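One chain follows as structure tokens, the form predicted on its own.
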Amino acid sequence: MKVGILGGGQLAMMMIQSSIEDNIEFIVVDPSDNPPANKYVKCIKSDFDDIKMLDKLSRECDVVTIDFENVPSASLKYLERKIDVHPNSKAVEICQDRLKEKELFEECKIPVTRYKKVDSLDSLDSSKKSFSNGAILKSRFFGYDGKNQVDLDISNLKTAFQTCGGSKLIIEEKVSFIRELSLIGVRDKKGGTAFYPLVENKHINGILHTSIAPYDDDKLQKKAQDYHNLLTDKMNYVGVLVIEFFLDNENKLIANEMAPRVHNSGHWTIEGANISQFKSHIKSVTGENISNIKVDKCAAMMNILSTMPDLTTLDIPNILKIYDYGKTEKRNRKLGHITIIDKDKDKLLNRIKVLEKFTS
């Protein structure tokens, strides 16, 4: 079995790591010189819309997947004429556009915050006035890690409009929330699904800082899984799909966005579950049935941003793994992550506090 991956970042790297012993070969395509996946396979340096490269993948691979959602959907459509592609181009296209994403949530009767499409300063001005709780302006496309979005309570409209690109924008009413949660689920080709427990996430400056699992609430877990099934069935989705939620003051889940791929908030699954999100994704896209997922301890993931700290002298039990993606240091770039496992959640939280002193 040979799998093509469009994108050679740390997510591709960890997908490859998860399946080294499974007799699966990988062909990875990335436009950069030395992406993280280069540690395990020789990556093809190419733009994602290069026809010769796409033809090569279609000839040599059994299936193609992605490691980030901004791969051109047109490239995926081109490949779909010749080869299996998971997730499919339609699902990726929806997840690339915040407006289409919100419309799909509503179609599936999944709660979202109020929102409006914005394409001019006049429409931005009128929309903002209708949102009494404050609002966030976002680009519909290429928004992640806090990029291309502005809090309209602390920025004037013209500056915000220009910062977000000046067209194809969406304004969203602020949500009064108590927590940010994500659900990582996987669907196989036969429609079988499996889920990891809800994860509680903490963001700093729009970038994920820590993810802690499990978030124990059986009712919320079931509701999130029901929402996930509605979305994956609607999109005929295969692979890992992640839904990010706000949990409001009434303990109601409000969908924020989706990721059609393995996700930063699921890195803890490598050590914290019987099967990682990365292995689950590769198994599903290659046609295997989904395995039962078991999590019997508390687990946390902490991102390492900007600079790699020296953790060699740090003596804290149960740091199972420190991952270094091999990236050049740069402000707010995700350079690696730390996984912590413990049966006692309070001890886990205390270890996170100690680690924060070394990584901030």
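Not measured: the values here are computed from a predicted model. All residue numbers are counted from 1 along the displayed sequence.
One more form of this protein exists, namely the form predicted in complex with a small molecule; it is left out here, but the text below deals with it.
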Quick one: is Gly206 in contact with the small molecule in the predicted bound form, heavy atoms, 4.5 Å cut-off?
yes
Non-hydrogen atom contact Gln149 with the small molecule in the predicted bound form at 4.5 angstroms
yes
Can any non-hydrogen atom of Lys174 be found within 4.5 angstroms of the small molecule in the predicted bound form?
yes
Using a 4.5 angstroms cut-off on non-hydrogen atoms, would Cys108 count as touching the small molecule in the predicted bound form?
no
Residue stretch of 273-281, 176-184, 115-123, 233-241 approaching the small molecule in the predicted bound form, non-hydrogen atom distance within 4.5 Å:
176-184
Site test, Arg98, Lys138 and Phe246 vs the small molecule in the predicted bound form, non-hydrogen atom cutoff 4.5 Å:
yes
Which one, Glu257, Glu103, Glu200, Asp217, lies within 4.5 Å of the small molecule in the predicted bound form by heavy atoms?
Glu257
